[in-house]
Ligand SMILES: Cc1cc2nc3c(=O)[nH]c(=O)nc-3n(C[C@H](O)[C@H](O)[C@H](O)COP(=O)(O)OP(=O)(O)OC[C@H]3O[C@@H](n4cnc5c(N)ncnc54)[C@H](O)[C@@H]3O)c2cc1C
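In structure tokens, one chain follows: the form predicted alone.
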Amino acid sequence: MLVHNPKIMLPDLKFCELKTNELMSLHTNFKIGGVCDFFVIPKTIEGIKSVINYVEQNEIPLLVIGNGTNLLFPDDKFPGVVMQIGESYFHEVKVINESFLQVESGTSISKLLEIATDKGLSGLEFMSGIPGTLGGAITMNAGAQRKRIGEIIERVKVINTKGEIYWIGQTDIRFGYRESRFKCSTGVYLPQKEFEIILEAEIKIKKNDSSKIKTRIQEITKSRESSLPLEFPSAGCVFKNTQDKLAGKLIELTGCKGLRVGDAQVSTQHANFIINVGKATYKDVRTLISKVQQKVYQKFKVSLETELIIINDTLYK
């Protein structure tokens, strides 16, 4: 259990932007979340190292986020550091050759697609419309159109708790269905536990005509926009599909579409989305998730697993 330590002093972090008592609802697509002690945006790798040193020396938890697109954050105060590696500083995209791109982890998927299209580089189109950063997508092995980003990752550069920087090949990343070696079971890096933070990745691509790439991106984006409740705050799909059944279909067949707890609601447009229709809380969403899981299990004897990252509030209550 993590407890707020009032003796923890304001960190003197080099090469970082620092905010105190920052509302996490400002940094999640769900628009849900209480304050964190320290919200840090590193400007350089040295900045990331200074954050790692600080949390290690003070034995406080660390949450690393990109754009917070698939994150459910508690309403209670988080007694630690949230570090955002986003597009403000970690956004460089290099064309190594016609087979590989080298991309920093804070690069948004939309920006990556834009650059690839302009340069006539294909292979990323299936990611069209997926929000978030490359680092987050790799962590979750995000995907669509029956493809996953892990299939096109050649290797990933990381930094660990000792400040060591090294590359990890695709096989050792252990990609699975919405899983990788970088996904933390609690969502939070706990004190004195080893972890790795993604810095950049090499992505496999191929040469193609820019107009064909653009057309395919527009088709996929249009399909997503017509089928998903994108006008409401959400964290995307909540549950993993089973081996032979779509989670959304199972939820729909239980009559859960429109089911609501507080301002958290199962979308009437796509049953695998829980949307924030007003001022939904962390508890609202967690309760609704449990209700959906219970109803699906009662009807089909199927245990739905969540795919979004849920920060476990019991860690620090």
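Predicted model, so just to flag it, every value in this text is computed and none were measured. Each residue number is its position in the shown sequence, starting from 1.
There is another form of the same protein, the form predicted in complex with the named molecule; it is not shown, and what comes next is about it.
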| note | Within 4.5 Å of the named molecule in the predicted bound form, heavy atom basis, the matching stretch of 163-171, 201-209, 242-250, 223-231 is 223-231
| query | When you measure heavy atoms, are Val64, Ile85 and Phe273 every one within 4.5 angstroms of the named molecule in the predicted bound form? | reply | yes
| query | Is Pro131 close enough to the named molecule in the predicted bound form to count, meaning some heavy atom within 4.5 Å? | reply | yes
| task | Find out whether any non-hydrogen atom of Ile309 is located within 4.5 angstroms of the named molecule in the predicted bound form, and reply yes or no. | result | yes
| said: If we define contact as a non-hydrogen atom of the residue within 4.5 angstroms of the partner, is Phe78 a contact of the named molecule in the predicted bound form? | reply: no
| According to a 4.5 angstroms non-hydrogen atom cut-off, is Asn29 in contact with the named molecule in the predicted bound form? | yes
| query | Of the residues Ala116, Leu71, Ile153, Val103, which one places a heavy atom within 4.5 Å of the named molecule in the predicted bound form? | reply | Leu71
| Though the partner is not shown here, which residues of 143-157 have a heavy atom within 4.5 Å of the named molecule in the predicted bound form? | Gly143, Ala144
